[in-house]
Structure formats: C-alpha cells, structure tokens
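The chain below stands alone and is given in structure tokens; this is the form predicted alone.
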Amino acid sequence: MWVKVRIKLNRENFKDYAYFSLELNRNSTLLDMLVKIKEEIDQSLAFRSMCRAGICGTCAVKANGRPVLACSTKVLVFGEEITVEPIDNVLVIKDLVVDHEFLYNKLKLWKVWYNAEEEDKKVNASVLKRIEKSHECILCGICDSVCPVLTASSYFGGPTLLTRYYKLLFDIRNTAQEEKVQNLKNLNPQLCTHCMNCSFACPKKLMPEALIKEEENLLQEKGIIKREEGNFGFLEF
C-alpha cells in the first residue's frame, strides 16, 4: 500500500512538517513506517522506541490527531494519508522525541513505591485483581497529554501519577498505606472533571478515570475531603 505521510519536525529554528511518500506492507505499524523513513529516506528523523512490544511506552505519538503507541498501531487504521506529531503537553526534544523525565520525577517526588515489611503478607485474589491496572501502567504519558485539567492547574496530580498511586492505597503489603491515603489529598483527585479523555486514549485500556474516581471516593469516605470540594474547587487559572 502507498501512503502519504506528514511528520511534524521540531528542530532549531525550524518547526514544520516534512512530507514523505512510501510503499508499506499492509501489516506495517506506525513504527515500521518511521523506521523505513529513517533508513531509506531521511536519516535525520528522530523518534524513540525500545521494546517494540507495547510495554516501554516511549514510542507514543499522535497520528491524525489521535495519541497512540507507534509500535502497536497499524498504518491501515489511518488510510492513505497520515500526519504524525509528538504527543501534547510535553517538552519536545526533537521531532517526535519528547521528554518523559517529568513523569519519573513525579513518581520520585510522591514516593510512588511500596514500603514493605520483612515478612510478606498474603493478598487475596480480589485485591490483586483490583490493583492490577495500577501495576500495568507503562508511563507512556498519553493520558496526561489529553488531560484538560493538567493544562489548567498545577494542583492536579494527573492521570498517570494517580493511576500509579492507586495500588499503594489498596494493597495491604504496603506498610505506609494509611500515610499514602493522607498524602493523596495533595494530589487532588477531586479536581478530575471525569471527561474520560484519559480512559479513551489509554493504549493499555486501564481506565484511569475510574481509578481516579475511586481515589476521590476514598477521600470522601474517610472525611479527608468534602463532596463540594470536587471539580474545579482548587484550580488556578
């Protein structure tokens, strides 16, 4: 199949689109397409990929306005004309390469890891099932890139951080479980507008909005926040 491709370039003194026409196998992914362009047409094209299996999250791009993982998205989905851009709301380093460091820094800042006892506790299957989506987040940043609240407020933790944080609240193996519940208030899950953008965009179908709603409910049940504090109560514009 022949496709016409526009790729957003972000380089020193140059922010524009480059145009390419190439023939691809019908089973080609967006990543296959980018590799072909780099190897056969423009060696200066910059993009990032590691696992090629939808696990590392580093190949996230926008294709025809839709954020996806390039390694697991077929070119056929987009037809004969494709516009590829970096995902939104992140620092673009070059072309399609964006800076994921802010995600890792958030995890460090909020200490999103387990405080475990020396003796392992047994967790029943229902708890493991409940927290599995939190463990499966690959930090691609796609959910943050489509979140309208993150663009308006620095008080909101964001869907990526809140998805990763979720497991710390409900897993009894975390000895700092209650401390994490208290700290959750500072991530303001109640600011989520529940627009569902993050859940629709998540390439792993983790439904971040649903996890954020549960976190909001947890704070309300414990009396840490009041119900009227929801939505845009703490937003700064």
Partner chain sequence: MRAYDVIIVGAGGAGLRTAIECARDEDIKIAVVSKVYPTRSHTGAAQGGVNAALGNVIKDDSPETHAYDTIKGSDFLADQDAVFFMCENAPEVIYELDRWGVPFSRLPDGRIAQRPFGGASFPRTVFSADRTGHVILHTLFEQALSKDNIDFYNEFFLIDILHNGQRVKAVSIYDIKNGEVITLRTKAVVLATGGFARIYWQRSTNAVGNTGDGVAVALRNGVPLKDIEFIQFHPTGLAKTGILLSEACRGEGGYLLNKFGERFMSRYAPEKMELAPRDMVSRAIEYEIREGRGIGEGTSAYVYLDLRHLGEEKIKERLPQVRQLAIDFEGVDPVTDLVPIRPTAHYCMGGIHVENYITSSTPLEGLYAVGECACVSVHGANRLGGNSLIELLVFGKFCGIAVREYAKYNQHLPLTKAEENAGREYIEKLMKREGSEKLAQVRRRLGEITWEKMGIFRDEKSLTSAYEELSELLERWENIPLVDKSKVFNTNLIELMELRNMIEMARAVAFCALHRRESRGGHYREDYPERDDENFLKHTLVKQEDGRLTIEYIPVRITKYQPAERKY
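Residue numbers count along the first chain shown, from 1. Here the structure is a predicted model, which means the values were calculated and not measured.
The discussion below concerns the form predicted together with the partner chain, not included here.
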{"item": "Any non-hydrogen atom of Pro67 within 4.5 angstroms of the partner chain in the predicted bound form", "value": "no"}
{"item": "4.5 Å heavy atom contact, Arg130 to the partner chain in the predicted bound form", "value": "no"}
{"item": "In the predicted bound form, Ile138 touching the partner chain (heavy atom, 4.5 Å)", "value": "yes"}
{"item": "4.5 Å heavy atom contact, Leu45 and the partner chain in the predicted bound form", "value": "yes"}
{"item": "Among 181-189, 36-44, 207-215, 194-202, the region lying within 4.5 Å of the partner chain in the predicted bound form by heavy atom distance", "value": "36-44"}
{"item": "The single option of Val90, Ala152, Val123, Val77 touching the partner chain in the predicted bound form, heavy atom within 4.5 Å", "value": "Val123"}
{"item": "Heavy atom within 4.5 Å of the partner chain in the predicted bound form - qualifying residues of 41-70", "value": "Gln43, Ser44, Leu45, Ala46, Phe47, Arg48, Ser49, Met50, Cys51, Arg52, Ala53, Ile55, Cys56, Gly57, Thr58"}
